[in-house]
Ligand code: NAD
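In the block that follows, a single chain appears as structure tokens, in the form predicted on its own.
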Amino acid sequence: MALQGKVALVTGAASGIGEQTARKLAADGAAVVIADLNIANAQKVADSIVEAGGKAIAVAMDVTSEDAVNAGIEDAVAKLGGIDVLVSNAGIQIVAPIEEYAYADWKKMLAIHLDGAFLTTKAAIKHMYASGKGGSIIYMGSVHSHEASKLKSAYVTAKHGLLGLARVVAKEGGPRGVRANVVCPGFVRTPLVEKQIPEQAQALGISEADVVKNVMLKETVDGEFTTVADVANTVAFLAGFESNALTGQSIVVSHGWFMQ
């Protein structure tokens, strides 16, 4: 019931974790904004949520463009009346040894993960402040917000950076009712992770089965992937938790891979 009547914007919501998160927030009563670079797929997700009885709109958003972020959020606010929840989820993965990591790829990774989080926060928090109701900002981190893995220099750097951003937003936003937290999934078998399996197998000189068993799931307690539903449920919990008692925190959802 905590999300009934709220407006939630989810970036990267046309597929994967973002899509499942948007569907969960809609099922819990929020009007959701499906923000994605792929507007055609975003519209399909929004339409299916509406067909299921929920409320959703799609907006085109390149999270690395300040103009695009501002336009998308202003469009959402104009149509839905405000923004109560921001889920900064858009992300990609590029793996390579650091000595071979292209600088252009490094900049692209940080732009999407970190610049995108900053720009969407800057645009959304103004509306949360103006409403007088505050809000909840949730960043999609990773176990790699706390740990490191080979071949992921840019990704690990970006995901660590989200912890710092969330803590500053929690400090600044707290007096005005804005909470900020980071959800840190383990490996979730999305298309993003599926793509990494052969890439890591080639880079590490091992089989794809060994990548799954001995790289991705080795440190879990049960050898299981985290599911998109696991992550979406955690986001929904944080989105509906309306107290500063839980802010500036990272919640790890990883089948015990990382324990804090």
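Quick caveat: nothing in here was measured; it's all calculated off a predicted structure. A residue's number is simply how far along the shown sequence it sits, counting from 1.
Although it is not shown, the form predicted in complex with ligand NAD is what the next lines describe.
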Original post:
Does Ile92 reach ligand NAD in the model of the complex if we count a contact as any heavy atom within 4.5 Å?
Top reply: yes
Subject >> ligand NAD contact at Asp62 in the model of the complex, heavy atom, 4.5 Å >> reply: yes
Subject >> 4.5 Å heavy atom contact, Ser48 to ligand NAD in the model of the complex >> reply: no
Original post:
Any chance Ser153 has a heavy atom within 4.5 Å of ligand NAD in the model of the complex?
Top reply: no
Original post:
Would ligand NAD be touched by all three of Gly134, Arg167 and Gln249 in the model of the complex, meaning a heavy atom each within 4.5 Å?
Top reply: no
**OP:** Have a look at Val215, Leu37, Ile197, Ala203 for me and say which one sits with a heavy atom within 4.5 Å of ligand NAD in the model of the complex.
**Re:** Leu37
**OP:** State the residue from Met140, Ala158, Ile73, Met128 whose non-hydrogen atoms include one within 4.5 Å of ligand NAD in the model of the complex.
**Re:** Met140
**OP:** Please determine, with the chain shown alone, which of 189-197, 50-58, 203-211, 23-31 has non-hydrogen atoms within 4.5 Å of ligand NAD in the model of the complex.
**Re:** 189-197
Subject >> Members of 8-40 lying within 4.5 angstroms of ligand NAD, judged by heavy atom, in the model of the complex >> reply: Gly12, Ala14, Ser15, Gly16, Ile17, Gly18, Asp36, Leu37, Asn38
